[in-house]
Each structure stands twice: as structure tokens, then as C-alpha cells.
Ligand code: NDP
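Single chain ahead, written as C-alpha cells, the form predicted on its own.
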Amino acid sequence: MTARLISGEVVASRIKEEVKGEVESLRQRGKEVHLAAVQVGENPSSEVYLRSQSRLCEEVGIKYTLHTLPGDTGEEALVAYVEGLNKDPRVSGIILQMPLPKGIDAHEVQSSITPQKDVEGMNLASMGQLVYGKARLAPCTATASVELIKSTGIEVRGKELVIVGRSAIVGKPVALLMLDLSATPTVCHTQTRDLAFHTRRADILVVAVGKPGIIKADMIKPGAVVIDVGINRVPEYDAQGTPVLDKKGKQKMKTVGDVDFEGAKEVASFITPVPGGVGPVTTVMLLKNAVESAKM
């Protein structure tokens, strides 16, 4: 058996077209979708991501404004700035760019974003709505994972779902979202005694821990759907185990997930590649949340 690849690009393209249509529908009713991004200080590592955000928003008709504050901005001043955007009727959604400077509690600042404008779904109220199955805004990586599972067309009801990783942006919200779809979730973490025992009985396996290759082929139930959320940079080697070098003689790096892809694809029925799986869908789910914020 060789697993079918779940293309994040294909799923993302479909969602993007849906978002584009909703943005136009709102515009015709006199409502503009306006996403405000807040960044503290200059951060070269996030420039590519910011450009991507801006480009994607432009493609679907969402207005995008980047607010860059001085690098020495303190937590109190940052919260005050966010609260100003909360009160601005022209802004329908707010995203806080990471990382923040040392000394600023990201959780506190995130919580200061009003729930109706919290496009990342990280406000405490947004998280609480997940428990009641009433979430309109949920963490983008979690909703992306669920969208990819749905895209396989499998019947989720009653399936054994195992999630490796208990983060607030993936593990916990995926468990709650899938519980609403009547799956039976188990969440594994660093204190789980026998990880393989749980993963081997998973009809659907979602892995998000940031440890390359932690899930081997023999830990996967034959025919399982595997969603690999991990993004890891590791040294690249050729088939003989020799380091692959670039033109400058430095060892090349490659991006891999948390699952041993080559082995897993021979066992699973569906699997997401890394890159090209969860990542593209996560990005468009931010746009979808921005539209939902505008509606709210």
C-alpha cells in the first residue's frame, strides 16, 4: 500500500476561492474586511511571512495594514495600542506578529485582542467557545488540520483519533474540534508512557511536537490517515549517508515533519507531505478567520 498525498496546496486553493467570494459579497453589502497586523521592532526573519500575508490578502480582496512599533515598546504600551485597534471600527481583525521582544508576555497581549477581532483564535474567550462547540474563530493550524482530514472524504464519526502534542494552538483545539465531529480523541504528550501503543490504534493520527521522525512506520496503524504538522530543519544526506554540500561547501538543510515520511507512506492510506501539507492551509485559514471577524 502507498498512501495518497493530501495536497495542502489544492485544499488551500479551494478555501482561498471561497474566501474571495465571501469578501466580495461583504463588499457589496458595504463591509470591508480589514486585517491589522501588529509587529514590535524590525524582525528580518518574519519579513517573508509578512510579505506573504500582505500578498494573499491582496489576492482575495482583504485590506492589510502592518503596524510596526518601536523595538523598545513595553507590554503596557503594546496592550494600549492593541486596545486602540479594538476600538477602531475600520479594523475587522487583528493579528499579533511573533516573536515579541523579551519581557513582553505574548499570552497577555494576545488576550487583550477583543474576541470578535481575534483572527488567530487565541483569546481566552475564543478558546472557551471551543469547549462548547460554538467557536467561530479557532487557531489556524488546528482548523487547517481538520480541513485536511475532511478533504480525504473519510467518515470521521466514531473513528479513533490520536493526537501527539498538547499545545494550545494544535493539540488541544484539534481534539475539541474533532470531538464535535464525533471522533474519539486521545491526546499524547511528553509524559505518555507508551506512545506507540496509542498511535498504533489511531484511525486518524495528528502529530505536532517539533521532533523530526518521532513517528516511525511501525507506530502507524495500516490504513490510517496521517496529518504531519511538524516543521523541522535537519541536515541533508545522500543515499549513501554522505552530507550534501552547497556551492560554498556548507552542509545543506532540508525541511521535514515529525513523521518518517518514506516509511509512513507505505503504511498509511492518506498522508500530508512536509512541506506542502498543513502549512499552505494554515495560511488561508487566517484569511477565512479574517472574513469571519468582519461578519462578527
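Just so we're clear, the structure is a prediction, and the values are computed from it rather than from any experiment. One-based numbering along the sequence shown.
Omitted from view is the form predicted together with the ligand, to which the following refers.
Quick one: of Ile113, Ala208, Ala138, Leu161, which gets a non-hydrogen atom within 4.5 angstroms of the ligand in the predicted complex? For this set of options, the contacting one is Ala208.
Please identify the residue among Gln39, Asn232, Gln53, Ser269 with any heavy atom within 4.5 Å of the ligand in the predicted complex. It is Asn232 that has a heavy atom within 4.5 Å of the partner.
Non-hydrogen atoms within 4.5 angstroms of the ligand in the predicted complex: do Val170, Ile214 and Gly279 all have one? The answer is yes; Val170, Ile214 and Gly279 each reach the ligand.
Since the chain is shown here on its own, which stretch among 120-128, 185-193, 99-107, 76-84 would lie within 4.5 Å of the ligand in the predicted complex, judged by heavy atoms? Stretch with heavy atoms near the partner: 185-193.
Touches the ligand in the predicted complex: Gly93 (any heavy atom, 4.5 Å): Gly93: no contact with the ligand in the predicted complex.
Does the ligand get within 4.5 angstroms of any non-hydrogen atom of His198 in the predicted complex? Flag for His198 set to no.
Using the partner position in the predicted complex, report whether Lys221 sits within 4.5 Å of the ligand, counting heavy atoms only. Although the ligand is absent here, Lys221 would stay clear of it in the predicted complex, with no heavy atoms inside 4.5 Å.
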